[in-house]
Each structure stands twice: as C-alpha cells, then as structure tokens.
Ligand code: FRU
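Next up: just one chain, as structure tokens, the form predicted on its own.
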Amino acid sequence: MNLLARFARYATLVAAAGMTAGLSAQPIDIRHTAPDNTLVRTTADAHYLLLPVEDDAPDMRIDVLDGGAIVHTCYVRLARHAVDYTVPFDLTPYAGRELLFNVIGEEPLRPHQMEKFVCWKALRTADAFDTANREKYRPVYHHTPLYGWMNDPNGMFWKEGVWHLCFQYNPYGSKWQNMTWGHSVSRDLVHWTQEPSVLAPDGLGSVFSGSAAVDAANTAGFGAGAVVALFTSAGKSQVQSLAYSTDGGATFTRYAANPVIVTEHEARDPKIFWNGRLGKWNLILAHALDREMLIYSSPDLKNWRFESAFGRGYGCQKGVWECPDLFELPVRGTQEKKWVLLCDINPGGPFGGSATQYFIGDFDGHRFVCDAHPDETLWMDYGKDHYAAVTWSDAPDNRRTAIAWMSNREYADAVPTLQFRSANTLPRDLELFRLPDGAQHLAVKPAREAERLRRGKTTLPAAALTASPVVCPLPAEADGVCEIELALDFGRARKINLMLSNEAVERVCMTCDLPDPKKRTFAMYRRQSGATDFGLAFPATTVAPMPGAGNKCTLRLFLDRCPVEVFGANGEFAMTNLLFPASPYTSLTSSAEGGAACLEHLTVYPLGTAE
C-alpha cells in the first residue's frame, strides 16, 4: 500500500473519530428523489453540518435553500465508498431556521446508486469542528490553511501592525473548487492565525485572485483608511469586481455597481497600488491567453482607464500569464531605483509546470518599458514549487515583501496530504542588484523575521572537503526542521556535493558546480527524496545559476516537514522544492569532487513552531 493509500485509511478513521467532536443530536431528514438528486433537511440549531468527503469522488453540487430561496451553492466530493475526512458547513447564519440541502449529481447515475453512498450515514451536525493537525507533512513554520485546498495568495496588505494574507481557498475539500478568499493574519510574518473567510462566490461567479490596499485618502468614498479589494469574478466570463472593508479587513462588502472592469477576452488577477507621482491608482491585469499585461489608472478605484499593454513577445510565452505585480525597488549599493513586473506563467516554468518570471524596467504610470531584450527570461525562483508570487501593499518603511504558493499545477492536487493541501513559501524581502557586467537581477532573501524562529544553534568547525564525506547531524528533537547556513570555498574542486538523508535511505542530493570562475550553478535532485509516485512530473532535477564570480559561495537552507527553500546568502538566487520523506532527514553530508575544497562555516538552527 503506497503512502497516499495508507494516509487515506488513517484519515477515514480520524474523520469518524476526532473530526466529529461535539456532535449534536439534531435530526437530519434524507430523501432520495431521483438517481442524481437527494434532499437533506435539517434545522440550524447546531454550529456545523459536517459533510463527509472522499477525495477521489466526483464533485456534487449542493444548493442550500432557506425558505425556498437559494442562499448558498457549493461543490463537494461527497463520499461514495469511504470517508477520507469531513468539512464543515457553517449553520450559524441561519440559526433556528430549517434548511434544505439540494444535492445534485454532476454526472449520470444509475437508479438507486446515489442512495447507497456512504456519505448519508456519516452526515452529522456538530457544535465544534476539530482542526488539530493529523498530517506528518504539514509544515511547522510555513503558512497553511487549517483544512481544505489553498492556492494563490491574494488581497495582501499591512495595516496597524498586522500583516493580512488572503488566499484562494476551497473550504469544502482538499482539491481546487469553490474559490473563496480565505484569510489569515500575523504580527510577525511567521506566526499565522486563520480568520473567517472574507469573500465567497456570488452571482458573478467564484472569487479568483486579486489584491487589496489601504485607501488612506478616501479616494473611493468608503472612508479614510478603508481597505479596498479588486478581484476577478469568474463565472461564464472573467470580470473585475470591487469590495471594501471598514473594519480593518475582517469583513468585506461588495460594491453595488460591480463589475468595475470588463474586457473582451479572458483577463484576471488585478493588482492595485497608489502611484504618488501620478496622483492616481494603477492596476495591472493579466490578459491571460494573450500573454500580456494590461495597465489601467483610476482616481477613485471604481472608474478605470486603460493605459497600455506590455508583454507580447517578451520573456516566456509558453503558457498563460497570471498573477501580476508591479512595484519599484532600490538597486543595492546605489541611489538608483527601477520597476519590477512579476508575471506568473503556467505551463512554461524552467523545469515544467508553473513558475514566476520577472521583468525590470521603467514605469511612468502609463507604460512599462522593459530594459531587457524580449528573448531574455528571468526567473524569480528556480524550484518546481514557487508560483503566484505577489507582494504586500502598504508595508512599513517602503518595504517590499513577497510570498508565493508553494506547489506546482502539474501535481498540486495529488500530493500526499488530505486534511489540507498546499502551503506558502517563507515571506521574502526583495531588492535589485547588479553584476560587474551590468546585468540586473532580483535579489530574493528570507524575510528577517524568519530569524525569530531559531531555537538555539550548533556550529561545526571548518573542515576540508574531499571525496570522503563530512557529516553534520540535523536536530532530532525538531524532526530535522531547521535552518542551515554554510560557507564554501571551492579551492581546487569543481563540484561540491551536499546531501540530506534519513534512516530510510532517502536522500536529496544538491550540487554546487564551478566549471569556471564565471559560471556557477546550484542543482537539486529529488528522485530519491521520499514519496514521488503521485505525479510523473514530481521527481525532477532543478538547476539555478549562482550569479557572481570567484571560488566562494554562501547558502541558506530552510528545511521544514515537506518543503526545502535554498537561497544565496545575499539573495542571488532562490530554489523552492517540496519533499515527502517517510521520516525526517537526519543528516547533511558534504563532499568535493575534482580536488580539495573547504567547508569554512556551517551552523544549524533548530526552528520552532509557528503555532
């Protein structure tokens, strides 16, 4: 039995045990009215109706009726043969009223087939829903939803000391569906608390990706300091809608005159920002299938004027363009500033599937002009598992901090977790730097707050590296969850090998290659890293250039229960990859090829929980 099958059996047991804590005796009336239709009636006297889910079952549509009117629609993979887990439907908005759940099969069913589904016997009402972690691969210090599916980060803003992170969320299962804006908050970018969701599907469709910003000057008329969100309403077509919050982002009200932007072709993921030089708001929108970005301006966030388009023929054009961002950054060590345009693409990533590219240039509020040749492609991260990267609005001290979805469209819905799917990368601070030849690049560094997770340290003395390995144990008391800093001197070697391994003989091999002083690369191989059989595209090799020259390099590795993130010490490159070992990695081994090298410095910091 493979890892996913074993976990499915385990999840079935905990769904029947722990996830039904606080059960009520509220009666549920179930009537099977047609081969593809079942009616479920209950009175909303409990907090939740717990819906049994089988992850591999087809979606079923549920229309929730209150007094004969549809008040909510969702799609749930109701369990047919076995219950993998349960998800809660919140009954509290309808307290004391009788609700009818009209369950409709989305594909033809044989007579009496639907009434035999195991979900009907497992339906329960409850006053509590247990979100305690039951998964070995849930990260310790990376943001994840308490349960359900998550993808793109959305609506990110800072206000009054709180970092707000919204995200594409399915509260009714661990695969993509029911796109809603989930909502989490943090005061330090490493400890997150999930709050109630802020935007759910409506008559215009699901709530796709978008952004939010603080309207300090009350340009939109919702009040000074109101938080205004722009997002894609995705129904039969994709249009851009507006919502606003007057309670600091806890709840949002939709604008009555939505949509505020309508385009002839598919466009999504609006990113808004105040442009002080222009004295207006700017918005950048992904013209997805045309592989370009559309730029707009507005005095009030409601009435938008199209300014220009950028992107046709630029960078990677192999997939749809999504999740744009546009912001100004300082160039390290100079007084200069340049504009950076982030563009996520799927497929077309450097190693398959989804990834984030970027462009550097100038922007005057009307047009973006790229500095690079159209054929040049720059990648923000060279791993397989970094997508939909966007930055926080209104961060203090002109700080520009980004976060991304840590997965890949090629296998995101098949990774071996069930209670939840997907995590976010560490927040990352951004700036620009120049190489001696004048080439410009984006520097990506872990946010400084990550150092708050450190719980002690172990430092190894300097050591010569040869073909004989130098072994550094990883902190067993933290299940190998740690940060590793190491400084390397190639000496006469042309390759330095690093390997994470465990007692199950699973390994992650990494190499630093120096074929000549001007060409340096970092590679990661995860074919033997643990579970890899859930997706043909998963066991990949990823390779990143290490900008710079010379015989020395410094790395920072962040290891969690499933992801590893590797950074050049000054942000020269980043690589994010998921790993699913049977047991935690217990050691880091270093060796050299082609001559002797030196491990000048190695420090391991056990990292504490973000809970």
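Don't overthink the numbering: it's just position in the shown sequence, from 1. On a predicted model such as this, the values are computed, not experimentally measured, just so you know.
As for the form predicted together with this ligand, it is not shown, yet the points below apply to it.
Student: Within 4.5 Å, heavy atoms only, which of R124, H183, R268, H142 is in contact with this ligand in the model of the complex?
Tutor: Selected option: R268.
Student: Name the residue from T425, S209, S174, T86 that puts a heavy atom within 4.5 Å of this ligand in the model of the complex.
Tutor: Of T425, S209, S174, T86, the residue with a heavy atom within 4.5 Å of this ligand in the model of the complex is S209.
Student: Consider M179 of the chain shown here, and say whether it contacts this ligand in the model of the complex, taking contact as heavy atoms within 4.5 Å.
Tutor: Contact with this ligand, yes.
Student: With the cut-off set at 4.5 Å between non-hydrogen atoms, does N151 touch this ligand in the model of the complex?
Tutor: Output for N151 is yes: heavy atoms within 4.5 Å of this ligand.
Student: Given that the partner is absent here, does C323 sit within 4.5 Å of this ligand in the model of the complex, heavy atoms only?
Tutor: Although this ligand is absent here, C323 would touch it in the model of the complex, with heavy atoms inside 4.5 Å.
Student: Q168: heavy atom within 4.5 Å of this ligand in the model of the complex?
Tutor: Yes, Q168 is a contact residue.
Student: Just one stretch in 107-115, 315-323, 291-299, 363-371 has heavy atoms within 4.5 Å of this ligand in the model of the complex, so which one is it?
Tutor: Going through the listed ranges, the match is 315-323.
Student: Between 368-387 and this ligand in the model of the complex, list the residues on our side with a heavy atom within 4.5 Å.
Tutor: Result: Y387 alone.
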